[in-house]
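Next comes just one chain, in structure tokens: the form predicted alone.
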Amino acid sequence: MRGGGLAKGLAITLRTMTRRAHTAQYPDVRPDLPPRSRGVIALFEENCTVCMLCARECPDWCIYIDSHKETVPAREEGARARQRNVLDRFAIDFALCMYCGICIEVCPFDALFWTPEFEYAEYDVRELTHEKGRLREWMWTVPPPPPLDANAEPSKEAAAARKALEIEA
């Protein structure tokens, strides 16, 4: 039948015009987000060892890290002094970031976290580069991890520690 597609399209249009809209009035009504949704990335500076894994693995190269070496004196007499990296600058350019989460996954020291905050628009694109101070502020919005399943098997480390305690006793 000629024009059947047009008739079907008009029928769908008429049907949906009579239904009530489900539009959420965003600034007034906050959306219901899943508990572990991805928003902005937060930095827990104390855990960062400046290993640079996050910056190396980032496909967009939007993480900027600067550091310097600092000599730590020996703890015991006769031991040699050690050197450690000190974080000078940690910045993420959210104008470039594609929110893939690779940086969070590769961080071996849990220094980066997802936060559910998504309202950080700026009038100037240069202000979308968040330095370590601003990334630290986002840390307070990170939700706690979900509780462990009570019926799950204990981790291998916990089972080994329990077994060692039983052997000692």
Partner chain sequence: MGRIVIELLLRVAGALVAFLTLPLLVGQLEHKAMAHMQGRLGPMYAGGFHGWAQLVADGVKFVQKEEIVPAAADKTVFRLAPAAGLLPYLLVFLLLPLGPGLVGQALDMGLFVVLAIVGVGVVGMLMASWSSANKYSLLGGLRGAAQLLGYELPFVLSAASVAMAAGTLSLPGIVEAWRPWWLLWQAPAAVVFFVSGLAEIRRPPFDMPIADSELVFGYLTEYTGLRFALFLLAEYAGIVVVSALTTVLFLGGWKGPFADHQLGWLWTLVKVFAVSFVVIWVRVAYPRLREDQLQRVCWLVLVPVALAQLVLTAVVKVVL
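Computed from a prediction, not measured in an experiment: that's the story for all the values here. C-alpha atoms forming the largest set that superposes within 1.5 Å between two forms make up the rigid core. Positions refer to the first chain, counted from 1.
Omitted from view is the form predicted in complex with its partner chain, to which the following refers.
**Student:** Quick one: does A160 come within 4.5 Å of its partner chain in the predicted bound form, counting heavy atoms only?
**Tutor:** The answer is no: A160 has no heavy atom within 4.5 Å of its partner chain.
**Student:** Could you tell me if S155 has a non-hydrogen atom within 4.5 Å of its partner chain in the predicted bound form?
**Tutor:** Contact with its partner chain, no.
**Student:** When the contact criterion is heavy atoms within 4.5 Å, does P27 count as touching its partner chain in the predicted bound form?
**Tutor:** The answer is yes: P27 has a heavy atom within 4.5 Å of its partner chain.
**Student:** Report yes if any heavy atom of L165 sits within 4.5 Å of a heavy atom of its partner chain in the predicted bound form; otherwise report no.
**Tutor:** No, L165 sits far enough from its partner chain in the predicted bound form that none of its heavy atoms falls within 4.5 Å.
**Student:** Could you run down 4 to 23 and flag each residue that has a heavy atom within 4.5 Å of its partner chain in the predicted bound form?
**Tutor:** Counting only heavy atoms within 4.5 Å of its partner chain in the predicted bound form, the contacting residues of 4 to 23 are L6, A7, G9, L10, T13, L14, T16, M17, A21, H22, T23.
**Student:** Align both forms on the core first, then report whether P145 has a C-alpha shift of 2 Å or more between the shown form and the other one.
**Tutor:** Comparing forms between the shown form and the other one, the P145 CA shifts below 2 Å.
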